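Heads up, the chain below is alone and in the form predicted alone; it's given as structure tokens.
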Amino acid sequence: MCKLTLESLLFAILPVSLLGAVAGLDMVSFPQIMLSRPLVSATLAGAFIGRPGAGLLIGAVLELIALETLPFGASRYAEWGSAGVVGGVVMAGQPIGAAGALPVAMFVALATAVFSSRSMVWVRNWNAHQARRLRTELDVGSPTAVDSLQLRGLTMDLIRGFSVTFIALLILFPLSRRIVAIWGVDAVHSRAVVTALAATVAAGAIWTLTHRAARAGWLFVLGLGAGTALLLLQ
């Protein structure tokens, strides 16, 4: 395993942190075109490292866990855009075939999602403070005040996504390499545990979303059957 210097690490994570900034912004602010879904953000991050397949693998695992997230209203939820980027980079940055790559990447991504969730609360509080400062202008419907408040919020969310991704990778990527290097469980059992955990969370999310809605369960089964049939016909 090659030795990472601080300079090489910074050079590697600065560009991908910009991807984390855009993915974090997409979560709730702009442009909301699903870049923040971990299946997308992790795959793009893996492509940055030259291993899109590795990013896709961890992205699929995180997507199963993210099914339970409903990002609307004032509720607090995990921020999967930046977390997916971090998970994709960590997964793609491990030696090919490393047994601990998938579980370590999942843990790193989940830790990032939790921290990033907190950062969204900080940004919301900052936005509320800015709105109070412009209360008089907003009360009279000033377009300038509205535009200023919107641009400040978008800019702060972009900075938040960049900062979360950069700090998480700066701390967790070197740590993940060391953990994977001493990982003692074989690849089959490591991946089985990760798959079982992700599938359990996904099953709970699907049950929550479908068991109270009329015909939702049947529609899910129909969609699952159609998707399986298309996969078998490839």
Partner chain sequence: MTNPKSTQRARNEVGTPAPVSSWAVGASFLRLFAVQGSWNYETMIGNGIAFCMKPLLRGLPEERYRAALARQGRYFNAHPYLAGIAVGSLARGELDGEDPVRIDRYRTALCGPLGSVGDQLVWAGWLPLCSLMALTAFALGAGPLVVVCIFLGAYNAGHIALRAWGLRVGLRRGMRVAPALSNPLFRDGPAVLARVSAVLAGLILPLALQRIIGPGRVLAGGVAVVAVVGAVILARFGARATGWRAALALLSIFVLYSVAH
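Positions refer to the first chain, counted from 1. Rigid core (definition): largest C-alpha set, two forms, superposition within 1.5 Å. Predicted model only: the values in this text are computed from it and were never measured.
There is another form of this protein, the form predicted in complex with its partner chain, and it is not shown here; the text below is about that form.
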When the contact criterion is heavy atoms within 4.5 Å, does Leu18 count as touching its partner chain in the predicted bound form? no
Hey, in the predicted bound form, does Pro174 get a heavy atom within 4.5 angstroms of its partner chain?
no
query = Does the 4.5 Å heavy atom contact test between Val40 and its partner chain in the predicted bound form come out positive?
reply = yes
Using heavy atoms and a 4.5 Å limit, would one call Leu56 a contact residue for its partner chain in the predicted bound form? yes
Near its partner chain in the predicted bound form, with a heavy atom at 4.5 Å or closer, the residues from 17-45 are Val28, Ser29, Phe30, Pro31, Gln32, Ile33, Met34, Leu35, Arg37, Leu39, Val40, Thr43
- Query: Superposing on the rigid core, do we see a C-alpha displacement of 2 Å or more at Leu18 between this form and the one not shown?
  - Reply: no
Relative to the shown structure, Cα Gly223 and Cα Leu35 in the predicted bound form (3 Å or more change) are farther
